[in-house]
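Read the single chain below, which is given as structure tokens and is the form predicted on its own.
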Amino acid sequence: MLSFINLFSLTTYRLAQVAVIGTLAVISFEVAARYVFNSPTQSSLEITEYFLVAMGFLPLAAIYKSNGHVSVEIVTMLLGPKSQAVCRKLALLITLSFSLLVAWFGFDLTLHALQTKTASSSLLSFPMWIPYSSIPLGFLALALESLRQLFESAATKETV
């Protein structure tokens, strides 16, 4: 189970990296098309926006795993070790609950877009379930990562 969580987290992180590279490729192509060939494209902004959504949501678990998210520790640093452990577990439970909630609604949104064949209103007519899917995938990965950390803290018998 833990190896699946690590693999899922790594996969979503790698997909976010692909989105970064894709953004660089689209922007580079647009610059060349506009300034070298004097023939700009119509869809580069839309594609870049979809990549930005992926870059924002897909790496959530990997960032959480490396403690890269913003945290305020001014109060918890004043507490004793037992209270800090309780606060950490409470934060993990809140993260797990919130991320499961967002993943649930995100899956519903993605499924609705897939079933209704929702597409962008631009000339590209891009199927919207594809960019929408990065939201539930990213938050599901975050939920699984917080669950992994909860199991890890229980297995190491963190002071409570």
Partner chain sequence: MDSVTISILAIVILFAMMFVGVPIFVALGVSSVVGIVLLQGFEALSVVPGVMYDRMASFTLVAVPLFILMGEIIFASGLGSDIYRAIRISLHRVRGSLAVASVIACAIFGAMCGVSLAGAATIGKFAIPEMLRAGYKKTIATGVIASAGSLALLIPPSVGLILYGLVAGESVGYLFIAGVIPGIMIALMMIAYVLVIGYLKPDLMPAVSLEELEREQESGNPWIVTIPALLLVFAVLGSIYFGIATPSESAAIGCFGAILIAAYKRSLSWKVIKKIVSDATRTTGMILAILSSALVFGYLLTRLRIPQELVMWIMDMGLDEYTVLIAIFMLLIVMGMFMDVVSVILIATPLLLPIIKTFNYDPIWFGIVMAIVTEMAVITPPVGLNLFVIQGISPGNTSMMTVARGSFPFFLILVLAVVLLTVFPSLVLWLPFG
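The structure displayed is predicted, hence computed values, not measured ones. Numbering follows the first chain given and starts at 1.
Beyond the structure shown, there is the form predicted in complex with its partner chain, which is absent from this document and is the topic of what follows.
Comment: its partner chain is not present in this chain, but in the model of the complex one of M55, L124, L114, L100 has a heavy atom within 4.5 Å of it, namely M55. In the model of the complex, none of the heavy atoms of A143 sits within 4.5 Å of a heavy atom of its partner chain.
Its partner chain is not shown here, but in the model of the complex it comes within 4.5 Å of a heavy atom of S66. Among heavy atoms of A16, some come within 4.5 Å of its partner chain in the model of the complex. In the model of the complex, at least one heavy atom of T48 sits within 4.5 Å of its partner chain. In the model of the complex, A16, Q17, V20, I21, T23, L24, I27, S28, E30, V31, R34, Y35 are the residues of 14-37 with at least one heavy atom within 4.5 Å of its partner chain, listed from first to last.
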